[in-house]
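Just one chain follows, in the form predicted on its own, and it is written as structure tokens.
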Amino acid sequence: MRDPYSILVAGVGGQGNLVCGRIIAEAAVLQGLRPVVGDTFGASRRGGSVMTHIRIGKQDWGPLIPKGEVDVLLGFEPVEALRAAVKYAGERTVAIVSKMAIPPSNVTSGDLRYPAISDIAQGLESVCRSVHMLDTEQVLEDMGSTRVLNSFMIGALSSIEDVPLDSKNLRKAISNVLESEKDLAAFQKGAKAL
């Protein structure tokens, strides 16, 4: 395992970024590793930009991931994933991104246009080693809730080869933090998404 192994969660307020960081950190502790979590916020309201930095290792590290050192980028919102990738991704970054857009108010008001998902994917591919764009909207609709997006994305994270977190510990952490069968089902679906 690279020490530290760095995971960046990018999305908007209300998507569960902070809970996702807490779950990943708890899974790391269950494995005897030392996680450090740092959160950065854009607008301090629901819908504002939020990034959660998770650094996992055998010693303590600073909470924010340096530019170019993200191992995995979990993008809960496409534009926010691209914004985070431009700032933090590098040649080793694997991006796992939900295609489910949450347009900001200047897009919904008609002042700006939300970029095409294909353009966002192309931008991600220019700065990341590999990119997985996931059609989460249909899966979450079938499950009856968008509130399980974080568990779904953690499931997708669990299927990456070099992730130092055991799937069993990630499931246990979801169970400990959320106590929800629906979240465990979302985790299972996410683990099969890549």
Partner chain sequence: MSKSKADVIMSGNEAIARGAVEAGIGFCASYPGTPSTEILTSLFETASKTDSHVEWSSNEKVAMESAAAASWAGIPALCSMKSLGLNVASDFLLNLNLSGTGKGGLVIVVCDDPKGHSSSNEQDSRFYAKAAQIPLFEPSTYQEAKDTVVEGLRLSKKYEIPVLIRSTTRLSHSRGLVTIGKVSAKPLKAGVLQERLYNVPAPHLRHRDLLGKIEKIAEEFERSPFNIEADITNMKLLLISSGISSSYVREALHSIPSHRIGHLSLVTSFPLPKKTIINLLKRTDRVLFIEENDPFIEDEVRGLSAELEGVPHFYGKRSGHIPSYGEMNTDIVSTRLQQLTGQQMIKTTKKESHVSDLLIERPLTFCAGCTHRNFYWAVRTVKKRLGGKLVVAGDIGCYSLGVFYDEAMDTMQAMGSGVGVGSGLGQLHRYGFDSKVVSVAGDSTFFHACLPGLINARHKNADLTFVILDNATTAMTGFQVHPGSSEQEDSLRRVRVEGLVKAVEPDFFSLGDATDIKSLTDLLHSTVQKEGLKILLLDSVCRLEEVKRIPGFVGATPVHIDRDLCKGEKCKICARDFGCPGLSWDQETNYPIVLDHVCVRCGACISVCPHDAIVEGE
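Positions refer to the first chain, counted from 1. Computed from a prediction, not measured in an experiment: that's the story for all the values here.
The form predicted in complex with the partner chain is left out here; the points below concern that form.
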Against the partner chain in the predicted complex, would residue 37 count as a contact residue? Criterion: heavy atoms within 4.5 Å. yes
Does the partner chain come within 4.5 Å of any heavy atom of residue 167 in the predicted complex? no
So, residue 160 and the partner chain: in the predicted complex, are they within 4.5 Å at any heavy atom pair? no
With the partner left out of view, is residue 128 within 4.5 angstroms of the partner chain in the predicted complex by any non-hydrogen atom? yes
In the predicted complex, residues of 66-102 near the partner chain [heavy atom within 4.5 Å]: 66, 67, 68, 69, 77, 79, 80, 82, 83, 85, 86, 87, 88, 89, 90, 91, 92, 102
